[in-house]
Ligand SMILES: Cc1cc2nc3c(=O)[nH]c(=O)nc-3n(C[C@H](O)[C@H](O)[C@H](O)COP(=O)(O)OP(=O)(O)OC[C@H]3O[C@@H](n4cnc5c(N)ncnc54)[C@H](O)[C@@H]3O)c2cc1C
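Next up: just one chain, as structure tokens, the form predicted alone.
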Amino acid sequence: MADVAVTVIGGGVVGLAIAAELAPRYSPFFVLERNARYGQETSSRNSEVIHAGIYYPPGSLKARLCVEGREMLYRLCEANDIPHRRVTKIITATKREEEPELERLHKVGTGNGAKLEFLSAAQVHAMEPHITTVGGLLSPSTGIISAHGVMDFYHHSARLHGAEVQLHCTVVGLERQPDGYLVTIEEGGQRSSFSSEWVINAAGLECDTIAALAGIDVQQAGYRLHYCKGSYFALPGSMNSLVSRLVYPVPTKHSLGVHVVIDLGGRLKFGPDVEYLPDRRLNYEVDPSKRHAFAESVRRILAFVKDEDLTPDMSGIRPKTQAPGDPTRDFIIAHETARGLPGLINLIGMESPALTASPAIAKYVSDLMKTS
């Protein structure tokens, strides 16, 4: 018999959501996190948006879990006083050539289950008088959330039901055994091992590393990650009142574009851009030399913004499975029975909208385990 029923590797928002969902039914239960605090990487370095489900291919996991998770997350926030606001969002076309893309987004988004309304230029300006527009789409169900707040809730809920969250704990070995997996960890330079019936790999930026420890050829499986950094710049506080909701440009092939982000404190910032990191180094510095390029992007939406108005703010790194220039790929959530690894569930490429989808992702993993 294994020492532990379930081990979740990774204490980001996805790993914690899974722990909160599963801990009431499985014991003993471990969550292993390599950092000094849970949620220090991708989960806390993003726009903190509750997405509506507009952009994702119909039928994809991103579309399904985003829409399902959005409603679950709002209910969770309201029931547990997790800071959030339904600020709404406008996608603005800044020139006539972009209007067909609004039509396409409306078709895809409503097909996914997002509520969207066409707006004329006059209607956009009635809501946001300072932005450039020839028309847009309103998403009334888009909001913002405290990522730390929801992770604190998941963490508290998991621990309340008996989960042990081990920090400063790096997984360095994962070996299939008759009763589950031998998990080898390193803490403070010391190594130890225990057995676990189930292992759930929610390791974010190192999910491909964990999959490889289990013997999976990550290149062949399509699990290889590409680190993609996104930086943000902010406006001075005196300009915070110029926009009252999220404002996005019409997306490009590879990005949603630098957009107007509002946080729960009312700060106005812009981001993220797209910068692949070939060396996979965790570099969170925001390069001040990007200021002009950011200002050029921002001026598509807010024409009056000057280069000198922008100051470097924050950055995050996304665990993408697509290489630079490749089409966007879906979430990978796989129970690896076909690879001869029953009891191992890999979650690969959990970038946006994973924060929004987190409660639905947890339920999806739970259902995978029930049907196994």
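Counting begins at 1, following the sequence as shown. This one's a predicted model, so the numbers in the text were calculated from it and none came from an experiment.
Omitted here: the form predicted together with this ligand. The next part is about that form.
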property: Interface residue in the model of the complex among 330, 48, 68, 336, criterion: non-hydrogen atom within 4.5 angstroms of this ligand; result: 48
property: Answer range among 115-123, 97-105, 200-208, 129-137 for contact with this ligand, defined in the model of the complex as heavy atoms within 4.5 Å; result: 200-208
property: All of 53, 90 and 249 with a heavy atom within 4.5 Å of this ligand in the model of the complex; result: no
property: Contact test in the model of the complex: residue 351 vs this ligand, heavy atoms, 4.5 Å; result: yes
property: Partner proximity in the model of the complex: residue 20 to this ligand, non-hydrogen atom cutoff 4.5 Å; result: no
property: Touches this ligand in the model of the complex: residue 35 (any heavy atom, 4.5 Å); result: yes
property: Exercise: residue 109 in contact with this ligand in the model of the complex, heavy atom 4.5 Å; result: no
property: Residues in 156-172 with any heavy atom within 4.5 Å of this ligand in the model of the complex; result: 169, 170, 171
